[in-house]
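In the block that follows, a single chain appears as structure tokens, in the form predicted on its own.
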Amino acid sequence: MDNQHDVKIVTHMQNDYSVIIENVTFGYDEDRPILKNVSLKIRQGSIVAIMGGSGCGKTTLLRLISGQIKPQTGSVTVLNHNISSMPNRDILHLRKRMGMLFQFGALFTDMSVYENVAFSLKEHTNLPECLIKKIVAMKLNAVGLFGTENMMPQELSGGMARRIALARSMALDPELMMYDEPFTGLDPISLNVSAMLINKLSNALNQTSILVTHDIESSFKIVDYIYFMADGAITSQGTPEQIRNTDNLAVRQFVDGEINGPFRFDYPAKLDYSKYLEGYYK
């Protein structure tokens, strides 16, 4: 199976894809690359999950897509811009077309709900306050939390805070939305509500959504396509049905939650632990 994940149409013009990553290698340490020759394409308007064990490079991919870091080799094209070679000022401008939901919401703790959701509108637009108030009300209503404008983050439950963060990330109606572990720490009801909202908002805005997630059941209900990562590389890909039925042992271990399999629990340390205890290393 190739990297063009739309099974309905085989060939597309480049501008049909919101993200194109080609032969990207990246690492903070030359001796241990995090990403190894990664290539993938994410079609405009689709919901795509990036899955894999902890430390396999999923969040690093999001950082590349958002322009926080640049690849050592290869190219990253986002919304038809090769951000691998763009100056930082242009990347900052391009980010106005992106949204990001951080793992635990990352609300500004000294700002009210209203101030949190209105933040990007005040920073990046010249809209009058009366219109900003209406937009904030619309975004809060979209996530089912209209009426919480005057509350502070510490007054919110975990699920409410995540939905407020979602409303904030949607304030500028981004074309590309990135979610870093959007379901972590949520109770089953809040988790399903969050998945429903991601699907609803993505469809309503014809938005491209990228989910970095470990949650199998909730994400499989809403995503169109899945890239599976292991050891810094794309090792499998396909629709949720194809991933569920794969014969790839690493994917099977991940989907089934098995302890034994190709995925290692231990960090690949250079030192031998038993020799360390015996005082071999000085």
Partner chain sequence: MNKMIYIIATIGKPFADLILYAGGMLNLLIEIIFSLPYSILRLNLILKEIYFSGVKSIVIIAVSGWFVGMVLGLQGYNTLERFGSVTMLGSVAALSLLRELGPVLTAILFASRAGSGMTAEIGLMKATEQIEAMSVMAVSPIKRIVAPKFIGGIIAVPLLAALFNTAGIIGSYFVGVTLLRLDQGSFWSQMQDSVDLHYDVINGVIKSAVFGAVVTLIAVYQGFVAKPTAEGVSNATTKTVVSSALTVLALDFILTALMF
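Positions refer to the first chain, counted from 1. Small disclaimer: the values here were computed from a predicted structure and weren't measured.
Omitted from view is the form predicted in complex with its partner chain, to which the following refers.
Enquirer: Of 194-202, 208-216, 87-95, 127-135, which is the one stretch near its partner chain in the predicted complex, taking non-hydrogen atoms within 4.5 angstroms as near?
Expert: Result for this chain: 87-95.
Enquirer: Is Ile83 close to its partner chain in the predicted complex, meaning a heavy atom pair under 4.5 Å apart or at it?
Expert: No, no contact at 4.5 Å.
Enquirer: With the partner left out here, check for me: in the predicted complex, does some heavy atom of Met111 sit within 4.5 Å of its partner chain?
Expert: Result yes; Met111 sits at the interface with its partner chain in the predicted complex.
Enquirer: So in the predicted complex, does any heavy atom of Gln68 sit within 4.5 Å of its partner chain?
Expert: Yes, Gln68 sits close enough to its partner chain in the predicted complex that at least one of its heavy atoms falls within 4.5 Å.
Enquirer: State yes or no: in the predicted complex, is some non-hydrogen atom of Ser190 no more than 4.5 angstroms from a non-hydrogen atom of its partner chain?
Expert: No, Ser190 stays farther than 4.5 Å from its partner chain in the predicted complex.
Enquirer: Considering its partner chain in the predicted complex, which of Lys221, Lys36, Arg244, Arg63 comes within 4.5 Å of it through any heavy atom?
Expert: Spelling it out, the residue with a heavy atom inside the cut-off is Arg63.
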